[in-house]
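Taking the form predicted on its own, here's one chain by itself in structure tokens.
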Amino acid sequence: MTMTRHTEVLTRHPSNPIITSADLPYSANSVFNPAATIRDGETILLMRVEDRRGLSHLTVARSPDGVARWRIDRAPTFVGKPDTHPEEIWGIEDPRVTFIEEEQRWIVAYTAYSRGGPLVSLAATEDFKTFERLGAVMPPENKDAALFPVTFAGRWALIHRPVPGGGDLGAHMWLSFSPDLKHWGDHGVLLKARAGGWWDARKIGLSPPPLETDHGWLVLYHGVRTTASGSIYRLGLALLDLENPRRVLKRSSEWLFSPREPYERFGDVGGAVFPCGWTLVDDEIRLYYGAADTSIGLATGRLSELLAWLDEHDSHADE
């Protein structure tokens, strides 16, 4: 193993945190874990908002530059409907959005909090004002899901994170396929949580949706390490084959981004950076993340530099 000096490839925005509960036009406990996309030149965040009961819903924020001047919906945008969707009885959480070009709409993968635990549900929208529920697609316990923007041999692909046996067997990232976004099968482990002292031992999960590059599908994922003082949520990278996303080409040995600033280290869930969305314009990545389950942060970087960093820190030989 060759030790190298850490290179900072994601830079925190000096205005962080860019959105807090004080910015909301209604009362709430916290705002965090936003999905992100660009529509008609405007950055849209689909934010998780936790109310003062402890239940979550989703609210839209729009910005002309993706940094400031956020216009936040005056009331919750997308809320649980337990009367028609009982799996949402305790709220909806952690959305990821994928634009499907051939259908000119976004698919939202989100966590529905049922009596039996969290599970994966899908919804569709064309304008982030109205949403069509497509229903639950994975049983509990399952979360951290996002759709690829293209099909593979006529089938959609979904990355998700089931937790078998209450977590005693570890929590790994899985890949499943569907012909219609409703019936899913051909399930298989995509990326395993490592063991022992690794930063991503025992529990990992997808962060934003996979990003298509000339080199493969770039995947940003979170790893959770449990310490004597609690859990630490850090971020790493992997690269999947463009034609066969089951094939993992690279995986980072080190973490890329870790809670460091006070707003990331202290909050409702301290020691957590948790992105659900990123945008790409030319070579610039903008990563929107939940900070300590309390506020929203922004980090920026260059796609070319992220790929170069992953080349330098590929861990296949170390595992």
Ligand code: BMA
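None of the values given here were measured: they were computed from a predicted structure. Note that residue numbering follows the sequence shown and begins at 1.
The same protein has a further form, the form predicted in complex with the named molecule, not shown here; the description that follows concerns it.
**Q** Sort through 35-43, 272-280, 254-262, 61-69 and report the only stretch with a non-hydrogen atom within 4.5 Å of the named molecule in the predicted bound form.
**A** Looking at the other structure, the answer is 272-280.
**Q** State the residue from Y221, W106, Y233, W217 whose non-hydrogen atoms include one within 4.5 Å of the named molecule in the predicted bound form.
**A** Checked against the cut-off, the match is Y233.
**Q** Please check if K143 has a heavy atom lying within 4.5 Å of any heavy atom of the named molecule in the predicted bound form.
**A** Answer yes; at least one heavy atom of K143 falls within 4.5 Å of the named molecule in the predicted bound form.
**Q** So, in the predicted bound form, is E87 in contact with the named molecule at a 4.5 angstroms heavy atom limit?
**A** E87: no contact with the named molecule in the predicted bound form.
**Q** Wondering, does D94 line up within 4.5 Å of the named molecule in the predicted bound form on heavy atoms?
**A** Answer yes; at least one heavy atom of D94 falls within 4.5 Å of the named molecule in the predicted bound form.
**Q** Can you tell me which bits of 45-75 touch the named molecule in the predicted bound form, meaning any heavy atom within 4.5 Å?
**A** Result: R48 alone.
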